[in-house]
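Take a look at this one chain, the form predicted on its own, written out in C-alpha cells.
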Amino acid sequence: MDRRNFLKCSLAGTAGVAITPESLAEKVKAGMIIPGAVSSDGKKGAVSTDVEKHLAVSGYVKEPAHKIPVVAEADVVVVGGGAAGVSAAVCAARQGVSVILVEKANYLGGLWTGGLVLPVLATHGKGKNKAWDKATGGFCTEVCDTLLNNGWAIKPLNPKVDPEATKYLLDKLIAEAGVRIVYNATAAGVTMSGNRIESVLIDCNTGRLALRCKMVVDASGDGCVFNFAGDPYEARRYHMTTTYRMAGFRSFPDDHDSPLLDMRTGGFGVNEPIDGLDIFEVSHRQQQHRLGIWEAVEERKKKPGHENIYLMEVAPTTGLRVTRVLNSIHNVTLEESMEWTAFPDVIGMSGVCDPFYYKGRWIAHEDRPIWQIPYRSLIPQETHNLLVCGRCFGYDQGITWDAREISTCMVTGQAAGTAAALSTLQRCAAKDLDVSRLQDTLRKANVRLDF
C-alpha cells in the first residue's frame, strides 16, 4: 500500500483532508520546507535554533542548581525507542557493548506503532540493473520478515503491520540483545565535557536522573540530544496527521488492508506546514483531530452496511513528520539521491516512498533511484561522541519524503548503533571511526551498501 492510499481519509463530509504529494506541490511559501515541492536552486528553508523562533516568550526563570543522581552507566545510551532507536540499540548491543535505551512512552515503535503509521515504505526503488530493486536489508529485513512469517504483517512489498504484534517483537528483540530499557522517561538535557557528552539527563516520575555514557545515539525524532549539545540544525515545518483505527467491518471480509481483518485505518489532518516545535499549535491540532475523527466515524455509521463499526483507537503518538534536522558533516542532497551518487563512506540505502516534482517534472516511482546514505550524514559537526539517526539525520529538504520513512529509519538506526558500539570499542570519536570496519560489520549483518 502506498502513502497516498494509506493516508486517504475516506469519510465524506469531514474536515479530514487526503494528504498527498500532489496536494502539497502547489503550496510552497517562503520559509517553509515541505515534501513534494522540491527547490531546485539549493536554497535552505527556514532555519531556527531556539525557542523564541517557535513560541512567544514573555520572560525567563532560573532553575535552582541541584545535584542530579547518576543512576546507571552504559557504553551507549540511545534516546528514543522508535524504529530507528530500537535498531540502534539492538545492533549496538550485538557488538558486545552495554546499552541503555530511553523511551518517553511505555512501548516501542514510536510513530510506527503508537502513531499507527503502519506501512514500512521506501524499501524498494529504481535500481541500476533492474527496474524495481530492494534497497534495504539487515535489521529492517530481519524485522519485516519476522512480522510477515508470523502473520503479523501483510504485503511483502512495503509490509503493513499489526502494531501490537510489532510492539511485542521489538520488546523481544531488545530483551534478547540485553538492552536495558527505560520507559516513561524524557530526555531533559546533557552534561558536557568540552565537545563530549558525559551524561544524558532524563525526567521521569522519580525526578531528574543522569545516565553516564561513552557514546550517545540521538534517535529522538526531534533531535533533542543534538539540540541540548548545541549542534547546528534546521527546524523544518511539515504537515501533521493523526491516524486512527476502526473496527466492526465483518461485513467486508474481502476488503481489508491490515493483518486484522475486522480493522481499517484512516488518517485525519491538514496539508499546511505545521511548526512541530510550537507545542501550543500542535496541542490544538491534536485536539481538533481527535474531535473530528470521532465525529467522522459517527457519520460513517449512517452508511448502509457500516452500522456496526466503531472507533477502536486514535493514535496515542502525534503524527508529526519532521521538526529538527541535523546540519551534519554532509547532508545528503536531492541531486545526489537522483544521480546515483556513490559515497565512499556509505552505510546503507534508501528506497522510494511516493512520486514527487523535481526540476519541473513529475518523478514517478519507476523513475526514482534508490540512493546511498553516507556515514557523514549521521555525524554532528561539533559533538564528538554523538550519532544521529531516524528522521532527524542530515538530509536535504527535497528527500524528506523518503528519508523519514520507517525503513530508512531502521537503516540509519542500525548504522548509528553499530558505529557507536565500534567507536566505544576503538575508543575514538564518531568522526574518527574506521569506516571500512564499520562497512565490513554492516555487510556481515546483510546491510546493502552498493548499487
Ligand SMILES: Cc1cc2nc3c(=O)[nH]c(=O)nc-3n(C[C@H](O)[C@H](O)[C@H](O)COP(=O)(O)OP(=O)(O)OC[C@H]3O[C@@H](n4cnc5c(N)ncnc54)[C@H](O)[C@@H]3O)c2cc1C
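No experiment lies behind these values; they were computed from the predicted model shown. Don't overthink the numbering: it's just position in the shown sequence, from 1.
Quick note: we don't show the form predicted together with the ligand, though the next part is all about it.
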Whether Ala84, Gly221 and Cys409 all lie within 4.5 angstroms of the ligand in the predicted bound form by heavy atom: yes
Interface segment, criterion being heavy atoms within 4.5 Å of the ligand in the predicted bound form, picked from 325-333, 114-122, 295-303, 164-172: 114-122
Contact label in the predicted bound form: Pro374 to the ligand, heavy atom within 4.5 Å: no
Partner proximity in the predicted bound form: Thr241 to the ligand, non-hydrogen atom cutoff 4.5 Å: yes
Glu103, heavy atom within 4.5 angstroms of the ligand in the predicted bound form: yes
Contact of Gly109 with the ligand in the predicted bound form (heavy atom, 4.5 Å): yes
In the predicted bound form, the one of Ala74, Val90, Ala135, Ala187 near the ligand [non-hydrogen atom within 4.5 angstroms]: Ala187
Residue among Val99, Val79, Val352, Leu378 with a heavy atom within 4.5 Å of the ligand in the predicted bound form: Val79
Residues within stretch 391-409 having a non-hydrogen atom within 4.5 Å of the ligand in the predicted bound form: Arg391, Arg404, Glu405, Ile406, Cys409
